[in-house]
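Below sits a lone chain in structure tokens, taken as the form predicted on its own.
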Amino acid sequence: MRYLVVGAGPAGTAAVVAIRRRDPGGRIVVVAPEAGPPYSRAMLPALVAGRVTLEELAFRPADEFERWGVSRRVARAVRLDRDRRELALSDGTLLPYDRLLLAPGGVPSRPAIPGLGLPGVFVLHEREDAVGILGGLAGADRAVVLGGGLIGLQVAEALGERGLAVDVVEQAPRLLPRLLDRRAAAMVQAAAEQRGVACHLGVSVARALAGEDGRLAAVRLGDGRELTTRMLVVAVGLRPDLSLAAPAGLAAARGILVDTAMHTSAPGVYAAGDVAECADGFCTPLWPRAAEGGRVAGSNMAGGAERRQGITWPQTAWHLFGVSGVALGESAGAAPQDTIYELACGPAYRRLVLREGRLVGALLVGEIRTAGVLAGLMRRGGTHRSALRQLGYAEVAPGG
């Protein structure tokens, strides 16, 4: 049996492990554009900050694929022929397969802003991006981060630790708009500003401006203000990499559509990780979900009959500027018919969203010890109003 795995992240690596456990003799080839051992992209901001080294990014030993008898191809997959069951690589190689996993992850979104091609403009998605940012530190004392989401704030914190003055530009009226309500966002903003990070909210970058040397010298905001900077990091999110799936005619919406076995609409083709879209939403953007999807796909590619467990709500944990938080389910907002409970005590803030008496969202900032309990309540369902009142939560008006 010939197995091809596109992507060496958590989904692709978990798939390789699952395949090898079921099929010790099958031929496995992993295709990925970066050499070296599988590494954690979530740790790239820590690399920029200097908290970890390049070697410490790896989550698998450098020789593990070799010990499993897995071949590596350092190239990009550029074309899928689902009828011939062949994958074309950027180096001109054609690889046949019996079973194929697509787990290339996402690609950074690049807004249509003039000047984003200037030297001094970066994204942070791969190791080379982090190395480029580190190389640009020598000529920069200020940095602008476009995007006040989780990655953007992690980058801003990292650059601040490197001694740069940092401006965060976020088009939404608050930081982390997909995770936090106004009160929680204000707490994170206050912590960021205490660390010297300036937050410009409700505005975006209109243009990146070059200096006399042809490199980035400033950014112009939509309200006309200009921020002098030699470094701009664009962190406005990721989109699923559909460059293989769309031309091959795989069923897709925002991502590649898969069933609970992680099988796509094409025979012998599976998908997992950030690129896969399930009936209950994306199988990740979280590491455990990506790994679980890859494990299920790999097992089934090798003849198993696994099914991914249904996950109906997202969960995100973070630590930014000294503030820890957890967001579960519909944490940032609520429908008009929902009931909101809040509990604030000193630097801690908790917000729960109930729909028809059932807990559908939880937001904890500053104090997160009860996150596991709340996640359990969400999984089990049922009504919890009386228990919440006993815990000190007070009902407030819906909204965010």
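When you see a residue number, it is the position in the sequence shown, counting from 1. Note that the coordinates shown come from a computational prediction; the quantities given were computed from them, not determined experimentally.
Not on display, but discussed next: the form predicted together with a small molecule.
field: Residue contact check: G273 to the small molecule in the predicted bound form, 4.5 Å heavy atom
entry: Taking the distances in the predicted bound form, the answer for G273 is yes, it comes within 4.5 Å of the small molecule.
message: Is V269 near the small molecule? Define near as a heavy atom within 4.5 Å, in the predicted bound form.
response: Although the small molecule is absent here, V269 would stay clear of it in the predicted bound form, with no heavy atoms inside 4.5 Å.
field: Partner contact for G202 in the predicted bound form: the small molecule, 4.5 angstroms, heavy atom
entry: No, no contact at 4.5 Å.
Distance check, I151 to the small molecule in the predicted bound form, heavy atom within 4.5 Å: Within the cut-off, so yes.
query: With the partner removed from view, which of 216-224, 161-169, 249-257, 99-107 is the stretch that lies within 4.5 Å of the small molecule in the predicted bound form, judged by heavy atom distances?
result: Flagged stretch: 99-107.
- request: State the residue from R142, H125, R183, R85 whose non-hydrogen atoms include one within 4.5 Å of the small molecule in the predicted bound form.
  value: None of the others qualify; the residue that does is H125.
task: Identify which of V52, A371, L354, A42 has a heavy atom within 4.5 Å of the small molecule in the predicted bound form; exactly one of them does.
output: Result of the distance check: A42.
message: A8, A32 and A290 - do all three of these have some heavy atom no more than 4.5 Å from the small molecule in the predicted bound form?
response: Every residue of the candidate spot has a heavy atom within 4.5 Å of the small molecule in the predicted bound form.
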